[in-house]
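What follows is a single chain, given as structure tokens, in the form predicted on its own.
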């Protein structure tokens, strides 16, 4: 029988759980980290409240999950490569991450997990929504599952996306190379099948089809994957941290707090090259 060290409390029926009684300013022992890892696999996204950590401590926790993924187009904190300071000022209209997506899908080796730590948040608004791609796949008809079983998608960095003024990406020296991924992706650790898709600015088309031919299929799958019954929503407080598994979860930064400031520290951990 496994010795549970953590208090893990689900926040919704579909996915997501708060993990209580963990201090991320301290190095977790292996059994405790194993329980945190298990909670992430079980719930897709996990959340920690009332954390008081430095960038160095956040980076140390991130490295427990693997190699840090350096975003090819977004600048990092000068003293902490790998930490992106996500800022939406009072005057910004657009937000960073304001479309349903999975991180770094536009690269051949996309993100494994993302870690987001709240520094400043509005009194209300600015929640993050998550969608369970296991459930989305399982709910498809047998006919749809058969049709998409061997399809692959082409993803490309979205240079045209509107972002907060403080989050302008650097312009790539050359046109970004597209990345190809399976539309149905078995999870590398659990083996469960999940849809693997992002909004149309990233997932451009199905391999071997035009964008026009692909769009009805991809739009249907994205709308299906983000049905309310497959989702959860996390309300931030200063000192909250979210950790989610990009291999089975979509996320969306909700832009409903214009006129207020929000500052987050984000780290992504490199995942596996898809087959």
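Fair warning: this is a prediction, and the values are worked out from it, not measured in the lab. Residue numbers count along the first chain shown, from 1.
Not pictured, yet referred to below: the form predicted together with a small molecule.
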- Contact of residue 205 with the small molecule in the model of the complex (heavy atom, 4.5 Å): no
- Partner proximity in the model of the complex: residue 24 to the small molecule, non-hydrogen atom cutoff 4.5 Å: no
- Given that the partner is absent here, does residue 96 sit within 4.5 Å of the small molecule in the model of the complex, heavy atoms only? yes
- Is residue 128 close to the small molecule in the model of the complex, meaning a heavy atom pair under 4.5 Å apart or at it? yes
- Message: Please determine whether each residue of 35, 43 and 192 possesses a non-hydrogen atom within 4.5 angstroms of the small molecule in the model of the complex.
- Response: no
- Any idea which of 208 to 216, 225 to 233, 243 to 251, 35 to 43 reaches within 4.5 Å of the small molecule in the model of the complex, heavy atoms considered? 243 to 251
- Which one, 118, 140, 86, 113, lies within 4.5 Å of the small molecule in the model of the complex by heavy atoms? 86
